[in-house]
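Here you get one chain, nothing else, as structure tokens; it is the form predicted alone.
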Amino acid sequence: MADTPLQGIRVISFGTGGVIPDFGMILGSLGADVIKVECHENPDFMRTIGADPDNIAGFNESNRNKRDIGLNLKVKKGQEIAGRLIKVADIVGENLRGGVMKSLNLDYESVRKFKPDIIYISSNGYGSGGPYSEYQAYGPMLSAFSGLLSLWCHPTDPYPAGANVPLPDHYASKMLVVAALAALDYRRRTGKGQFVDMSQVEMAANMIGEYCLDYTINERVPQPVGNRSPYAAPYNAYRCKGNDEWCAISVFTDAEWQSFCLAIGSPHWTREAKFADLTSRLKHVEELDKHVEEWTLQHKSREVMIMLQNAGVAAGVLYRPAEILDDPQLGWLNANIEVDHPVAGKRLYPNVPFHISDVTLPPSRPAPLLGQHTEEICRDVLKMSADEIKTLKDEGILEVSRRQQQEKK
């Protein structure tokens, strides 16, 4: 394999759901050897949301670029094998409910006794310690608890709307990558490991920092504003010509406003005093939006985007997921790649969203079947003999892919 940024780094992942699995997927895409630990009795819960645990879209997305070992952690021998893996690793990642890793004798304090330079990444829902540390946490709940959902709707909505995208999970995973890389550099310079503790709730609350500041400084309780902005007008998603076509438009400065007016042909209303500056436009934003939409309805959404962008005005088509796959810019960036999964088949997945000069990242590998690499990891990483592997399999400590077993019969 060509030299990659994280070549030679090994990660042991006890992750489930979104945060640590996505964290591991990113490190794996940079060349790290990421080993996922789970078993059929206690799999990553994302495997349980469909009929076939090896064919779950969300799981297969967040668990690419990994190997999988089927290991029963409820018994002491399984915990000892996990410890052996950690001894030959650089990073441990876990986001299990508070107290679980300690019950398995695999918490940071236990691990550092036999691997003092380990970088231990823990991202529980509510963090380590405190009155909520052992509470369960999932993406939609994180958005609610953090205050994000109180703002993620329109003023007239009867309840917080939100989205089914687990935004806090994905934001948290990227923050953990930053923390892990910093810890790796610190260890390189000092030889010392680190315990990285990141509460997902705290991270999610971090996303609305400006609104907390507005309250503490101005004593204003933030209210939902939908697609509007207190700093720009027009600023909204506008209907366009065709069936359910929309384009988002953002005009912040008076110079951008003049460019916008020229781009749409300078109709008479654009010269009215009530739209002359940002303060006036914000005051008359309802009327302004109606005028803008009268123009956008005459054009297809892509036409609106191109005309305004050519005039120096920020505008973008409101895509649906299927439409993103056909966008020429994302195609040029190679933003989506085809990965052939042994069960799901060939599917498109998001590529690494950046390029590093003079570095060729390894091709994305499909998410593993549960226990797919058990024998390989035990043989090559832990140097177990074939007899030892067989004995541990017979005892139910090690598990291999059931699908692979059935195919061999």
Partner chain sequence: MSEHQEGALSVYRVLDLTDQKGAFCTKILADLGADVIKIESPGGDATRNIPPFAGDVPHIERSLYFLFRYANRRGVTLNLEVADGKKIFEKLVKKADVLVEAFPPGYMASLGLDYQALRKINPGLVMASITEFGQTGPYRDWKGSDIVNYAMSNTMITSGFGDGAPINLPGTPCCDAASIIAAISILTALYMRGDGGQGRYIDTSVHECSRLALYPWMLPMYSYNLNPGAPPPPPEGRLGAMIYPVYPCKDGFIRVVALTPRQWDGLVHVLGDPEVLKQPQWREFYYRIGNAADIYAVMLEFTTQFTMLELFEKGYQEGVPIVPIYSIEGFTNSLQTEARKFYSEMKHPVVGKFKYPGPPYKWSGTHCEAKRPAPTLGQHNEEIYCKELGFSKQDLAALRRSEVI
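Positions refer to the first chain, counted from 1. We call the rigid core the largest set of C-alpha positions that still match within 1.5 Å between the two forms. What you see is a predicted model; the values in this text were computed from it and never measured.
There is also a form predicted together with the partner chain; it is not shown, and the following applies to it.
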{"query": "Contact of H355 with the partner chain in the model of the complex (heavy atom, 4.5 Å)", "finding": "yes"}
{"query": "Contact flag, E256 vs the partner chain in the model of the complex, heavy atom cut 4.5 Å", "finding": "yes"}
{"query": "Exercise: V317 in contact with the partner chain in the model of the complex, heavy atom 4.5 Å", "finding": "yes"}
{"query": "Any non-hydrogen atom of W269 within 4.5 angstroms of the partner chain in the model of the complex", "finding": "no"}
{"query": "Heavy atom within 4.5 Å of the partner chain in the model of the complex - residue from P116, G129, G242, G99", "finding": "G129"}
{"query": "Heavy atom within 4.5 Å of the partner chain in the model of the complex - residue from L370, C378, V37, M46", "finding": "M46"}
{"query": "Stretch in contact in the model of the complex with the partner chain, which is absent here, among 270-278, 67-75, 99-107, 329-337 (heavy atoms within 4.5 Å)", "finding": "329-337"}
{"query": "Site test, A233, C261 and K283 vs the partner chain in the model of the complex, non-hydrogen atom cutoff 4.5 Å", "finding": "no"}
{"query": "In the model of the complex: members of 239-259 within 4.5 Å of the partner chain, any heavy atom", "finding": "D244, W246, A248, I249, S250, F252, E256"}
{"query": "Threshold 2 Å Cα movement between this form and the one not shown for Q136, core superposed", "finding": "no"}
{"query": "Residue shift check between this form and the one not shown, rigid core fit, K174 Cα at least 2 Å", "finding": "no"}
{"query": "I217 C-alpha shift between this form and the one not shown of 2 Å or more, rigid core reference", "finding": "yes"}
